[in-house]
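In the block that follows, a single chain appears as structure tokens, in the form predicted alone.
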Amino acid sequence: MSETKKTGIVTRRTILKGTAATTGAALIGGTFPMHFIKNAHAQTFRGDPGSASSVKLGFNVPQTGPYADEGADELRAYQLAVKHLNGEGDGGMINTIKPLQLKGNGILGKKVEFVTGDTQTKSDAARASAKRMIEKDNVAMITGGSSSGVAVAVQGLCQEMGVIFMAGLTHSNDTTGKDKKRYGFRHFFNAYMSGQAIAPVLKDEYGTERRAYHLTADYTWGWTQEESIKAATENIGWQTVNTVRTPVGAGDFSQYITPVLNSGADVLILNHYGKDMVNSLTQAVQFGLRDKMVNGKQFEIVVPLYSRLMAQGAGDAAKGILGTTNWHWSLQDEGSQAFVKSFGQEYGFPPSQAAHTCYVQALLYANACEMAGTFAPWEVIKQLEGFEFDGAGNGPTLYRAEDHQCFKDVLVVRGKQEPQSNFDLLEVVKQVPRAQVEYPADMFGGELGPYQV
């Protein structure tokens, strides 16, 4: 809004601008000038559906690679979200999220369609897939991914190309820290939050005199996860014996686990995710680590970022293992149960945390478009920034304007000793209040960048 509009002062410059606009409108058909039309956004932008009856979204998920299980569940969630946005099915969380302007008639009256891509859990492949969706398919928004390396890469591309990126499963502090972007938004929690949530539980369960050995996925998520859990555990009195980086997709972790046996450590912290966590945890248990007594204490294993899909893959090895999750299908709030019911009816089993965050992201983007009255990304961004809502699981949630990070309660979970089904694998030990995991917006650096690119 210009200073002229704010103050109501009419100047010669205003009159001349108005005359020019009116003249221009008359020249192209005698219609009203654009500044008289509500929610008019004359500037062109990528992904603009224009007069088309539909709008297209891009679902960029790992369909192959070490995080493919999460990617498959993300895609299921996105397809369910599209159904609900288009008025099909029972509506799911459209009935529970408040405030919400979605009506089940698409987005701004346009039917929602989608295209998919395979990130392969590789940054270059993910960027190439996203670029194709933007340039060839004219998508209005990109969403998805199960890797922070992918998220950072795609988020950077979307900032350059002026297309909103609603991140999927990304847990690195960098995503909304040093690598944050105006066009990127994260609903999922981060490594710092995991550390702050789980440390008090580790203190209560395992005591303050522990010696920890870290195996860490060698990319942005692993680095910040290690940094965060290391700081949080040292703050409760634990010592760090060693930190070792491992390649993503290693498969065989025996060469990294063997040195733990003679390290003097009595806790192994696995900063791994997806199939890497399944393999490293299973192999650590096979090596007999959990049967050992070290320093007069039972040896323990901790998985800071956990998921039901990983517990399913690890089987018995996951029993009793502590970790954190963004969400779990057993939550009893109205929003969680509505989503679990919809997803279960569609696919025959409960959703994962990856499915949950992606489903919510799709709805939040669509709602922001409704609030803005346009698909123009700079206007949609302004509606997401500072948006407060409830009814999506985890309690009242804030999309912080300063870094585009969502803040909500975090769950500490444990692998169940006696699961009742293949999906009943985790129990919620503690729902950690949002206030316990909040931090200053400038803590991890970075600059959001401009609204219009």
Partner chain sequence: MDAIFLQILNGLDKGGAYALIALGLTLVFGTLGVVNFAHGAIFMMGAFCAVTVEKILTLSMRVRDESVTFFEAYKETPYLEVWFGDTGKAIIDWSVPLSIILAIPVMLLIGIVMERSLIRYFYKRPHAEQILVTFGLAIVLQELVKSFFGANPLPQGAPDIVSGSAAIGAVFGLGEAVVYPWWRLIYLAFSLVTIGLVFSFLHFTTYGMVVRAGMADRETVELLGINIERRFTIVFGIAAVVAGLAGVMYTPVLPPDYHLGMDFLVLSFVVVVVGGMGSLPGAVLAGFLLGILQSFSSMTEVKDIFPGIDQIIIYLVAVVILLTRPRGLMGRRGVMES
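Computed from a predicted structure; not experimentally measured. Numbering follows the first chain given and starts at 1.
One more form of this protein exists, namely the form predicted together with the partner chain; it is left out here, but the text below deals with it.
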Problem set entry | N242, L309 and N422 each touching the partner chain in the predicted complex (heavy atom, 4.5 Å) | yes
Seminar exercise, completed: Answer key: of V112, I134, L75, V278, within 4.5 Å of the partner chain in the predicted complex (heavy atoms) is V278
Seminar exercise, completed: Note: exactly one of S254, Q298, Q101, T116 sits with a heavy atom within 4.5 Å of the partner chain in the predicted complex, namely S254
Seminar exercise, completed: Given 373-381, 285-293, 174-182, 228-236, the stretch touching the partner chain in the predicted complex at heavy atoms within 4.5 Å is 285-293
For this session: Give a yes/no on whether D69 approaches the partner chain to within 4.5 Å in the predicted complex, heavy atoms considered.
Result: yes
For this session: With heavy atoms only and a cut-off of 4.5 Å, decide whether N262 touches the partner chain in the predicted complex.
Result: yes
Exercise. Within a 4.5 Å heavy atom cut-off, is P350 in contact with the partner chain in the predicted complex?
Worked result: yes
Exercise. Taking 4.5 angstroms as the cut-off for heavy atoms, does G156 touch the partner chain in the predicted complex?
Worked result: no
For this session: Using the arrangement in the predicted complex, list in sequence order the residues of 336-366 with any heavy atom within 4.5 angstroms of the partner chain.
Result: Q337, V340, K341, G344, Q345, G348, F349, P350
